[in-house]
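Shown below, as structure tokens, is a lone chain in the form predicted alone; questions about how it binds or moves come after it.
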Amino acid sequence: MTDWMAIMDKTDTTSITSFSYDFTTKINREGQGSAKWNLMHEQAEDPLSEGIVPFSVADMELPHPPEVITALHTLLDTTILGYTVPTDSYFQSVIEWQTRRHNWTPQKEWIVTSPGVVPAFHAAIRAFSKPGDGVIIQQPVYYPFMKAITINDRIIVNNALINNKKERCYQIDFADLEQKASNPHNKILLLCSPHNPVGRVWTRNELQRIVDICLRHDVFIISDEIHNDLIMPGYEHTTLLSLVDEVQAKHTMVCTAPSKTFNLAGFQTSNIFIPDADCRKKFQLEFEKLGLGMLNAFGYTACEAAYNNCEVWLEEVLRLI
């Protein structure tokens, strides 16, 4: 927990006025059902002073992009809120975003919508492995990775990252990954790219080595790329599917969402790219077993508006960070 207002008092905020979007208005999230704020109060041992902000759950304290709010108002004013499926324009916005921001162009039929990236990799673990199989992760890593493995009766296999203190970064232990991938009981690599929490944007060469090792040993790759848009200057995210050929694509899926990028996690709208038709069927079957199908109408609208109209907002957020 951080005294955000005290930090701001000591910070030169002159440059913030050069932004075209509002990044200074403080939104009162107390009593609004915010998971992040509620958790802060639940865990606080003493009463909190004014100005304390939780630095825990990954959502922003910034006002939303106004283009998204406008699109949601238009939806409410013009649309009947019945069962809603993604439109052609929705899919096109997702495809064009990946093309513009990440230099690859997925096909429409590859996209499976999901009520979140976490539900997606839960479903994928069930689809592409059996109880008792090993799932490789690279710790330290986002804690729901571990829960997704154990709650589905799979085994955590840790290809621990190397903390290279000289280079001041974490690196992949490729020799250890090769050894663990060669074990026929280990069926999946649950990859975090970019990596949360160590902050690494994996290079093309690193990702290619991962693909080569996993293909060699028939290990399916679930690539969680939810932070793919929040890349600092001087670095470039490489989507895993931009590296694979038709054969390798049968062993790979990529999970994305507008939630972290545009602070839209409450809409629970994610886009999962699965090139292989048989893999898509297996994945979708896991959602069908839970009775999950369509997402909410607001999520589709918010995602489409963000991808179509909020790229300038994102560029300013990256400058702000």
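Since the structure is predicted, the reported quantities are computational estimates derived from the model, not experimental observations. The first residue of the shown sequence is 1; numbering continues from there.
The form predicted in complex with a small molecule is left out here; the points below concern that form.
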property	result
4.5 Å heavy atom contact, Gly134 to the small molecule in the model of the complex	no
Lys260 within 4.5 Å of the small molecule in the model of the complex, heavy atoms	yes
Non-hydrogen atom contact Thr113 with the small molecule in the model of the complex at 4.5 angstroms	no
Heavy atom of His227 within 4.5 Å of the small molecule in the model of the complex	yes
Candidate stretches 102-110, 218-226, 236-244, 83-91 - the one whose heavy atoms come within 4.5 Å of the small molecule in the model of the complex	218-226
Among the candidates Cys192, Ala123, Ala181, Val211, the residue which, in the model of the complex, approaches the small molecule to within 4.5 Å (heavy atoms)	Cys192
Proximity to the small molecule in the model of the complex, single hit among Gln248, Asn159, Asn196, Ser129 (heavy atom within 4.5 Å)	Asn196
Non-hydrogen atom within 4.5 Å of the small molecule in the model of the complex for each of Pro140, Trp202 and Ile231	no
